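As structure tokens, one chain now follows by itself in the form predicted alone.
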């Protein structure tokens, strides 16, 4: 395999969180401009853990961008990170069902490898060559660096974990292997994932310096930041998350969606206004309404006026159900074709393994671990 050239991606500073984000945002904006000119020269790695159904936070925060990039022509590798289910759990749970549902969620929103040849969906556990990269990558990161990762600490607190497993602690190394095995240049992430990605950049840089004698075996991946705000859950105070049980799932029925929105937290003020700082719960519902109607939150606030939280929830339920209707219809059609799931996995495994084998061969070569003494 030919080595991959670096792109002009300066290291992201860690002098402060705000400075890190500003730098990442500026770089992301430049990349978005370049993608508009020619996306076909880029490769993207993204994915999800199969721990339950995807929700509208996933859709507006990530899936919508993946669909946009797919249409632009970018080559997309989407990993179903099944091994990483064990980072914060004692067992894999209903993983067969969750993998099936994840593929149905992807295909129902439009991420279908049989309709778009530039999309590859695969399971982490089915690509052994990818996982072999974790060992040499682990030599490039200190325990101290892993322990300082703020995302790991926050997730452990959210899950109320008394002990952090070695799997969870080394999650950023697994993520680096996912990104670097396919030489992904771009990784769509939210602000909370930037520390993980910075470690992937360090691993790429250190591998090139230590083992490849500064040859550009791995490029340093760049964060592609979503253009929408963080979606809070129905409790209004935390990020929408399966582990926090505050979601509206993509596979919910119309009635289930209405019931979930009725439970959403608002406040005691009747007049509806868009004020994210002082009225985060109401503003979050207005943001969701804006995202599924392509109207500003402020215009919806003005229209609802003194209709109160009840009218706000009714508007959101109605328009969200309209927005989700074609997604639900595609899902029902795919559910009637059980062979579809296996076809997606087989197709993705073949393509991902081919790339992973080539990458591992290159890694072994530069590490002088290809032995032929004849």
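Residue numbers count along the first chain shown, from 1. Predicted model, so just to flag it, every value in this text is computed and none were measured.
What follows is about the form predicted in complex with a small molecule, which we do not show.
Visitor: State the residue from 103, 199, 189, 248 whose non-hydrogen atoms include one within 4.5 Å of the small molecule in the model of the complex.
Guide: Looking at 103, 199, 189, 248 one by one, just 189 meets the 4.5 Å heavy-atom criterion.
Visitor: Give me the residue from 208, 118, 193, 165 that has a heavy atom within 4.5 Å of the small molecule in the model of the complex.
Guide: Flagged contact: 193.
Visitor: Does any heavy atom of residue 175 come within 4.5 Å of a heavy atom of the small molecule in the model of the complex?
Guide: Residue 175: yes, in contact with the small molecule in the model of the complex.
Visitor: Please run the contact check for residue 317 against the small molecule in the model of the complex: heavy atoms, 4.5 angstroms, yes or no?
Guide: Because no heavy atom of residue 317 falls inside 4.5 Å of the small molecule in the model of the complex, the answer is no.
Visitor: Indicate whether the small molecule has at least one heavy atom within 4.5 Å of a heavy atom of residue 56 in the model of the complex.
Guide: Residue-level check for residue 56: no, no contact with the small molecule.
Visitor: May I ask you to check whether residue 286 falls inside a 4.5 Å heavy atom distance of the small molecule in the model of the complex?
Guide: Because no heavy atom of residue 286 falls inside 4.5 Å of the small molecule in the model of the complex, the answer is no.
Visitor: If contact means a heavy atom within 4.5 Å, which one of 28-36, 44-52, 308-316, 334-342 is the stretch that engages the small molecule in the model of the complex?
Guide: Of the options, only 44-52 has residues within 4.5 Å of the partner.
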